[in-house]
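Just the one chain here, laid out as structure tokens, in the form predicted alone.
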Amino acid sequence: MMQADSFLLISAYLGAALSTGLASISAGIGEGYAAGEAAKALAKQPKSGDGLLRTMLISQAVTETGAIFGLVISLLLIFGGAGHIAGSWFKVGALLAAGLSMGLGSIGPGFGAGYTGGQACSVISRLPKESNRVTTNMLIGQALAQTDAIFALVVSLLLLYSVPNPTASTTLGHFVVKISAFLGASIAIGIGTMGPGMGIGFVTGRASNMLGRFPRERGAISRTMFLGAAVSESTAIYALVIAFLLIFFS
């Protein structure tokens, strides 16, 4: 019969696959959307090629953040020793949950950051002289969207390195409850950041679009953007709190 050590390797490898695989979905789509908008903008403003290319590459680099986090967690699961040392059934659930947390937690921010980058490229085609301001606004918006990926990264690292060891009195039921709590934490932060990540990207992307139409209203547009992003972010914080409770108090 397979022991916990064998399942450690299985959960580590499955977690690694989920981490990078899921995180790459939205990152790839978001980067492609930004590049597509940049190509369309270049056709409208050929003389703004250098600025558009710079904005596109910057937006793609930031959009890649969640996928890079997913890659880091995957490498830790495969080569960091997490699945190659003696461990308990607690850790079996934690390793799988760590990969799932990072993979799901990168989906919303990837879409949000990609949408913001695409909208910035579109704006530059209409208002090339404002490319520096638009790019700055884009970076702020993408950074806000990627905050949710950082939340997922924190939860993943906690699952990797803060799992308690069972005691001699630990029952089978306790093992099942604890593993369920770890998986629940990954689902909470993973799904809980999808909406905020996308929502913040939509807010900041539309704000960039309006800056291109009404540059004189920059102050009002920026205030509305920050307020809308802050309210959208609140639900991701709820998910983070629940994930912490499930990890440490279950």
Partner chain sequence: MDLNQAIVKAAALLGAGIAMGIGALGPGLGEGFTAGKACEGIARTPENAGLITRTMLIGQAVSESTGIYSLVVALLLIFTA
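Residue numbers count along the first chain shown, from 1. In this text the structure is predicted, and so the values were computed from the model without any measurement.
From this point on, the text means the form predicted together with the partner chain, which you will not see here.
Relative to the partner chain in the model of the complex, residues G195, M198 and R213 are all within 4.5 Å by at least one heavy atom. The listed set I58, A35, L42, I221 contains one residue whose heavy atoms approach the partner chain in the model of the complex to within 4.5 Å, identified as I221.
For the partner chain in the model of the complex, the listed stretch (49-57, 221-229, 62-70, 25-33) containing residues with heavy atoms inside 4.5 Å is 221-229. Shown alone here, A239 lies within 4.5 Å of the partner chain in the model of the complex, counting heavy atoms only. Heavy atoms of K129 never reach within 4.5 Å of the partner chain in the model of the complex, leaving it off the interface. For L8, no non-hydrogen atom is located within 4.5 Å of the partner chain in the model of the complex, even though that partner is not displayed. When the partner chain is considered in the model of the complex, L75 lies well away from it, no heavy atom lying within 4.5 Å. Shown without its partner, the chain has H174, V176, V177, S180, A181, L183, G184, I187, A188, I191, G192, M194, G195, P196, M198 in segment 174-198 as residues with a non-hydrogen atom within 4.5 angstroms of the partner chain in the model of the complex.
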